[in-house]
Structure formats: structure tokens, C-alpha cells
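Just the one chain here, the form predicted on its own, laid out as C-alpha cells.
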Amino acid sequence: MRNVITFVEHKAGKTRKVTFELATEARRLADALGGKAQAVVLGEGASALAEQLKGYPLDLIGVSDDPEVDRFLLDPAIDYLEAVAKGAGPSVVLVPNTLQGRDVAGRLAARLGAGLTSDVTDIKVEGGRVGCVSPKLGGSTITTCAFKDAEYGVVTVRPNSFTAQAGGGGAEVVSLEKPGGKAYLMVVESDVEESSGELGLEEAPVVISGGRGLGGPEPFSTLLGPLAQALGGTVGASRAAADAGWVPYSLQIGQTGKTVSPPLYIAVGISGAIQHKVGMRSAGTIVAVNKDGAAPIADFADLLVVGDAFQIIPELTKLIREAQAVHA
């Protein structure tokens, strides 16, 4: 493998910071492999987003505003990606580890006969071989899987695993030719998106999660919301809170929900059962606020605050806002 290709996931030209994280990592990997770093942007708004990507250290940005990418379910995007990969030759393809990204990665790997490694948090190049570091078994084991004697490798990368760094600006933007002889049957008739806040949980720098200990739906907006806003983060939840109907399942973190790894994770009224731990144990700093000092979360939290969250959280929010006002 020599080249690195990044699949850019977006909606009408709007993307998340994982796109720029992957663009930056593509440059590092391409330099280590002696190849080129490129991105593929498809669908409505692709050309505008490509201009934004020119601010990152890519060699090439392949673009197509083909409306069929958005009209049909995934197959047109896979066709473009397959064509780009085969044109580039032996390559590593980086895809965000999102719901759509995992689907794209699996289909592309099948098309290319490639190896696939998912939920990767680090990538290493040793002796010309690409090795992917990823947590397994709920994060209890960290594995390094290398692509062996393969022309192509497909990697889904967990958001927040790399730092986005703008630079370069010399990327060549090229129009991609539409793969010919294709007929698509699965039409996207409508797109319903459940709101999960302004920031995506997987990418937020700070996540404030609530659990059964909050006692109902109101504290998620009145208690946790202001703290998340003050810290520039977003609100999440345990499965117990989602199952109770207090918050939508799009906010659920854990084994059957989303996996997050923010620099700061604050768990409020969450016992810390293994199902929840699986989804957030890789966070940088874990702070727990709980009435029960013997709750399971005490075993892996970096800081445990024992007390009434309805007194602690408003005071914490107040102190943060006062500090921000002083330094404004």
C-alpha cells in the first residue's frame, strides 16, 4: 500500500470535524508510505466542501456533485470510491466510524477484496505495513491488526482519535467521472434525522451524560444542558434514561448505543454498569457525580464527586461561567 484515500461524509456540503481529522491523518500516513493523500467528496454540495478541504494537507480532492449519490442508497458512492481506489492502485481507505461510514466501509471492502479494520483509534506504519490499533471486548483489550500482503485496506476511524491540522492548500481538485453501466434500484424517498444536539456525540469535546439518578426528563435540559453549553459540549444519556423515554435513543451511550471518547466526560446519576462503561471508557478524563460513593463508576472514574447532583451541577455551571467572564 502506498496511497491513502479519505471518504468524506457530509450532508449538502456540511461535514463534521472527523473529516478534517482524517484529512490530516491521511497526509501523515501517505508520507510514511511514500504515496499520495487524497479525498473523495460526492453528492450535493461536494464542490463547495472541496474548497474547504483545500485548506488541509491533501494532494488530490476528487469531486462529483452527481445527484444520484443522494437519490440512491449508497451504491453510487461505492461505485465512485471503487473506481478511485482502483485508479490509485494499492491504497488505504479511511472512513469515519459512523453508522453510514461502517456501511460504506463494509461494501467497499467486499468490492476491493480488501481487509477491513473497524473502530480504529490509532494507525501505525512499520516496515511499510499498516497496523491499526483498536479496542475490543468492550475496551478491555487493545489490539493491533496489520494488513498482510493486501493491495487495499479499509479502516473505519473513531472520531476524536486524531487532531485536525490545517495546512497545505495546494491540493488539486479534479472532477470524477461517473462509473458507467450502472442501474440503481434502492431510492431514498425521504430522510428523517433525529436531533441529537448541535454537536454530534461522537465528536463533542465534552459530554455531560445523565442516568436514572436524574429521576426524569427535565434535568437533561434544565440541569445538564446549561453545563454542556458552558463547557462547549453536548448532552448524552445512559440506556436506562433512554429506555425510560426521557431522552431519544440518539443520545444513548454504551454497548447498544454510541461510543464516545471526548477529552472530558461527566457522568451524572449514572451507576456505571459495564454496558455504559463500554461506550465511554476511552474518554480522556472521566468525572462522576453520584450520591452513592460505592457505585461501580467509582472504580474507573478519574474523579468521583459524592453528593446531590441537583446542588453540585448548578454550582459548577455557575463557577465555570464566572471564570469565563473573567477571562473574556
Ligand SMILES: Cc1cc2nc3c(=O)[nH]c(=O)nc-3n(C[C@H](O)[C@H](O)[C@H](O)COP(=O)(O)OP(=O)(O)OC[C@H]3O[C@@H](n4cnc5c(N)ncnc54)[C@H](O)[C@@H]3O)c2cc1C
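For every residue, the number given is its place in the sequence shown, counted from 1. Being a predicted model, the structure only gives us computed values, none of them experimental. Rigid core here is just the name for the largest C-alpha set that superposes within 1.5 Å across the two forms.
Although not depicted, the form predicted in complex with this ligand is the subject of the following passage.
Colleague: Does residue 292 make contact with this ligand in the predicted bound form, using a 4.5 Å heavy atom cut-off?
Modeller: Answer yes; at least one heavy atom of residue 292 falls within 4.5 Å of this ligand in the predicted bound form.
Colleague: Within a 4.5 Å heavy atom cut-off, is residue 301 in contact with this ligand in the predicted bound form?
Modeller: No, residue 301 stays farther than 4.5 Å from this ligand in the predicted bound form.
Colleague: Would you please decide whether residue 283 lies within 4.5 angstroms of this ligand in the predicted bound form, comparing each non-hydrogen atom pair?
Modeller: Judged by the heavy-atom cut-off of 4.5 Å, residue 283 is well away from this ligand in the predicted bound form.
Colleague: Report yes if any heavy atom of residue 273 sits within 4.5 Å of a heavy atom of this ligand in the predicted bound form; otherwise report no.
Modeller: Taking the distances in the predicted bound form, the answer for residue 273 is yes, it comes within 4.5 Å of this ligand.
Colleague: Would you kindly say which of 269, 62, 43, 262 lies with a heavy atom within 4.5 Å of this ligand in the predicted bound form?
Modeller: None of the other options qualify; the answer is 269.
Colleague: Name the residue from 96, 153, 211, 233 that puts a heavy atom within 4.5 Å of this ligand in the predicted bound form.
Modeller: Exactly one residue meets the criterion: 211.
Colleague: All three of 35, 76 and 79 touching this ligand in the predicted bound form at 4.5 Å, heavy atom to heavy atom?
Modeller: Checking in the predicted bound form: none of 35, 76 and 79 is within 4.5 Å of this ligand.
Colleague: Choose from 99 to 107, 234 to 242, 158 to 166, 173 to 181 the stretch whose residues reach within 4.5 Å of this ligand in the predicted bound form, heavy atoms counted.
Modeller: Within 4.5 Å of the partner lies stretch 234 to 242.
Colleague: Which residues from 234 to 256 come close to this ligand in the predicted bound form, meaning a heavy atom within 4.5 Å?
Modeller: 238, 239, 240, 252, 253, 254, 255, 256, in sequence order.
Colleague: Core-aligned, is the CA shift for residue 111 between this form and the one not shown 2 angstroms or more?
Modeller: The answer is no; the displacement is under 2 Å.
Colleague: Quick check on residue 283: with the core superposed, does its CA move 2 angstroms or more between this form and the one not shown?
Modeller: Where the cores coincide, residue 283 shows only a C-alpha shift between this form and the one not shown that is less than 2 Å.
Colleague: Would you say residue 164 moves between this form and the one not shown, meaning its CA shifts by 2 Å or more once the core is fitted?
Modeller: No, the C-alpha moves less than 2 Å.
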